[in-house]
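Next comes just one chain, in structure tokens: the form predicted on its own.
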């Protein structure tokens, strides 16, 4: 099968979030399964800075843009990056940031990603590549599926092409003015409620849902949640109409970067059969956060998170006093909303021996938290997939999560009578429910042999990309009619 992946970011070329991890890993693991895969993304300034070995495969190639002639060039990677193609248009992609400055999004993002999407399809035509599946990710490439449907469907290269659209986070939809349709070459007749109109705007993400052969989310539960008003962000009705073509595939993780047996950020390395180093990592973590080593016998709960309401920090702040009464120590790494940051800073001053806090992005400290904590807390209001709980399992650090999205799919409640499960969950979005789950976890922690069994369960979990890639292959075959 021939697969084209359209994504606005991908590791190791350019990244702002989890989308890049997926789009960077998936081509490699699909290739292992024998598929021919090409990734097409913009040629950002960040990509240029990587110093990649590239060769130009198209130069000043013409593109009809709102009735006028524009041009773009295309570069291809070499060696391990040969699957990647980059759309060069400096006026739109040679910028300091991918999507906008820290203050705001770029005002021409609609044009920028429409041009990228349209140019990606033109690139496939010019290179005479006829894909079986075009796999578009999130709103930035969703509009390519509208171009495919209305401008290219009769082209011989695309006549038998099917498409998959992956939603990584439904909250981000790409909303722009109606006038953009004419500029990007799509008919005004698409500005209706049954097509791309959404509360007076053009909705790019809606194009992916409407025109893709099939749609998927990054976890099975999230695919069900987004069909409800609570999580649907105004598109739940449309998603319910497409429920027979809506699937959920849980993201994978790259264990080459997250393995306590090889992690150079750790004070000591350890494996499931030799866990002694985890105690050294716990001591190192307490020292890193300036907490007393006398706390090493108590359970240490870690968090690596954006400090935002969506991540459950509001109910955590409410629960802090009672959580410390249970005997727990808490360490938190992240940045985010000023209100939550200030609340946590105030809490640290109130509980200096129980709460460690670093307001920062720090990959080194993130790895130390994964290894040195006993429990990883993820109390999210919603979570399309989540990766930190998968990392923590590999490190024998037990997830305590709210049962939503990918958190619910990846974590199974531990049952002491059967010795089965890999973590702890709570349903209600409340401080009380969080505390009830923490009590269950700490009760098991106090029973060393039972906790050791739980650690072994956690470290045996497999969320590698090998598994996820096989699921994508099965879905590709399904929608291609094979």
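Numbering follows the first chain given and starts at 1. The structure presented is a predicted model; accordingly, all values stated were derived computationally and were not measured.
Just so it is clear, the following notes concern the form predicted together with alpha-D-glucopyranose, a form of the same protein that is not shown.
The single contact residue among 181, 226, 121, 385, judged by any heavy atom lying within 4.5 Å of alpha-D-glucopyranose in the model of the complex, is 385.
Residue 169 is the only one of 373, 169, 140, 329 with a heavy atom lying within 4.5 Å of alpha-D-glucopyranose in the model of the complex. Within this chain, residue 163 is remote from the site of alpha-D-glucopyranose in the model of the complex, having no heavy atom within 4.5 Å. Taking the partner from elsewhere, residue 205 is found to have every heavy atom lying beyond 4.5 Å of alpha-D-glucopyranose in the model of the complex. Contact check for residue 473: no non-hydrogen atom falls within 4.5 Å of alpha-D-glucopyranose in the model of the complex. Residue contact with alpha-D-glucopyranose in the model of the complex: residue 117 places no heavy atom within 4.5 Å of it. For a residue to qualify, one of its non-hydrogen atoms must sit within 4.5 Å of alpha-D-glucopyranose in the model of the complex; all three of 22, 218 and 251 qualify. The chain is drawn here without alpha-D-glucopyranose; in the model of the complex, the stretch among 193-201, 72-80, 291-299, 376-384 whose residues come within 4.5 Å of it by any heavy atom is 376-384. Along 289-317, these residues reach a heavy atom to within 4.5 Å of alpha-D-glucopyranose in the model of the complex: 306, 310, 311.
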